[in-house]
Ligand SMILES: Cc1cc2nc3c(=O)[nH]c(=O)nc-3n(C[C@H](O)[C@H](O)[C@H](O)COP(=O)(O)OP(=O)(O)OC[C@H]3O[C@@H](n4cnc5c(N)ncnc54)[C@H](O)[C@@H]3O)c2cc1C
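Shown next as C-alpha cells: one chain only, the form predicted on its own.
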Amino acid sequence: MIPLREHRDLNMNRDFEHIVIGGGISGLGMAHYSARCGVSTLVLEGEERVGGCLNSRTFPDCGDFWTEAGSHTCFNSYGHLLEILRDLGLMERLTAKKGLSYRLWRGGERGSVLFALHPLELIRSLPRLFRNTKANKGVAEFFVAGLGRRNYQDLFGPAFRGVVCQEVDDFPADLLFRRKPKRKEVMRRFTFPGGLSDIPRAITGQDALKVRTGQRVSGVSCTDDGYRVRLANGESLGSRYLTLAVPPDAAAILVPEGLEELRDLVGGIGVAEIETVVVCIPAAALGHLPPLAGLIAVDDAFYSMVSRDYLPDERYRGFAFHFRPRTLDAKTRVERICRALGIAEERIAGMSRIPNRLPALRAGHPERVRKMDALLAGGRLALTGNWFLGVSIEDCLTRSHQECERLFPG
C-alpha cells in the first residue's frame, strides 16, 4: 500500500483535488500516480466494474475458472506497469505464461502459420522493412513494401488485424509495435492467478484513492478554480484538476466549452466495435485439440481467437473469440465457435458475451496527438486512454504517467 501524503488544501467548492472520469487501466493508472503524489483523487466509472479492457471473465458454475475477455498478456517491457505492481506489492504474484504457438484459421480449417508464408517474396522484400520509415504511413503501406503483398494478404495482415481487433490497413504503422526496454529480471510474459483483473482490483483497493462505480457523467463545465462534473443522478462534484480517461467519442462530449478545437480533434478519432464471446469447455471434450495460443482468422467473421491454454487447468479450457461487429447473429457465432474448436454446442459449459470498443487510429495520428497536447499545455485538464500511443496496457500507462507529470510536476 502507498501511504497517502498530506492532501493539499481543498477549496470549499471542490470535493476532490483531482477527478478521473473512466475506470479502465488508463484512468486507474492516472489515479494511482496522482494519489502517489498526495493528491486527493476520485475515480468515476460508468459501469459496475472497473478495469475496462482488463476483464477476466469468471464462470461461477465452472469452479470460478476464468478467461480473459479483453487484454490477454503483460510483458517484461511494460515498465510503467511493473512500477505500479511494485508499488502495490504484486511482483511476487506474477505468473508465467506458457509459450504456445498460434494456428491459422482459413477456409474453415486450422493450419500452420508457416504454410501461409511466401519465403522468396519475404527475402526480396525484407531489406525495405529496415530501410523504410514508419512515420505517417499506414500498416498496409509500410508492411506490404517490407514483407511482400502476398505475405501481407495471407498472413501478416490477418495477424495484425487480430492484434488490434479491427481493419488494420490504415492503422498507424508507428503505433502498432512500439519498442520498449525489457526488464531482464522479470519473466518475459506474465499474468496473475486471478487473471489480469487482479491489477485493477489491487489499484482500487488502496486507501489513497476513492472509486465510485455506476456513475454516469452527463457533463463537465469550467469553474473559476477548476471543474464541475455533473452526474446523471443530479449530483455534481467539483475538482481543481480533471482527467478524461474514456473513449474518444465520449471524451469529445465531455470536453468543456471553450475548448472547441480540442473537442474537434478528439471527436475526429474513430472507434471500432468488437463482439467478444468467451467460452469455457471441459478439458475432456477437447482431447483432439492440442494446446495453442489461439487462431488467426484469415477469411472468417472473427478477427482472432485467444486461448487460456497458457495457464493450464485440469478441468477446463477457455477461449475468447473476437468477432467483427454485426456480421453474425448470436446463434451463428456459437456455431462458428463450435466448428473452430471441433465440438458440439452442448459441450460448452459456460459462455459470456462482451461488447468491446477500441480506438480506430489512422495514419498521421501522432500529429493529431501533438496538436491536442499543445492545446492541453498549461491547463488543468488531462486526456489519457488507449488512443494516444497505442492500445497496449503499457501504452495506456505511459500516457497516464506523462499526463500526471504535467498536471502535478515535482
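Position 1 is the first residue in the sequence shown; the rest follow in order. Keep in mind that what you see is a predicted model, and the values were worked out from it rather than measured.
The same protein also exists as the form predicted together with the named molecule; that form is not shown, yet it is the one meant from here on.
S.K.: Of the listed stretches (339-347, 360-368, 51-59, 34-42), which one has a non-hydrogen atom within 4.5 Å of the named molecule in the predicted bound form?
M.R.: Heavy-atom contact with the partner occurs in 51-59.
S.K.: Would you please decide whether residue 215 lies within 4.5 angstroms of the named molecule in the predicted bound form, comparing each non-hydrogen atom pair?
M.R.: Yes, residue 215 is a contact residue.
S.K.: Just to confirm, residue 254 within 4.5 Å of the named molecule in the predicted bound form by heavy atoms?
M.R.: Yes, residue 254 is a contact residue.
S.K.: So, residue 383 and the named molecule: in the predicted bound form, are they within 4.5 Å at any heavy atom pair?
M.R.: Contact check for residue 383: no, nothing within 4.5 Å of the named molecule in the predicted bound form.
S.K.: Heavy atoms within 4.5 Å of the named molecule in the predicted bound form: does residue 67 have any?
M.R.: Taking the distances in the predicted bound form, the answer for residue 67 is no, it never comes within 4.5 Å of the named molecule.
S.K.: By the heavy atom within 4.5 Å rule, which residue out of 145, 187, 328, 250 makes contact with the named molecule in the predicted bound form?
M.R.: The residue in contact is 250.
S.K.: Using a 4.5 Å heavy atom cut-off, which residue among 72, 80, 106, 134 comes into contact with the named molecule in the predicted bound form?
M.R.: That would be 72.
S.K.: Can you work out whether the named molecule is within 4.5 angstroms of a heavy atom in all three of 22, 25 and 391 in the predicted bound form?
M.R.: Every residue of the spot touches the named molecule in the predicted bound form.
S.K.: Since the partner is left out here, which residues of 394-408 would have a heavy atom within 4.5 Å of the named molecule in the predicted bound form?
M.R.: If the 4.5 Å heavy-atom criterion is applied to the named molecule in the predicted bound form, 394-408 yields only 396.
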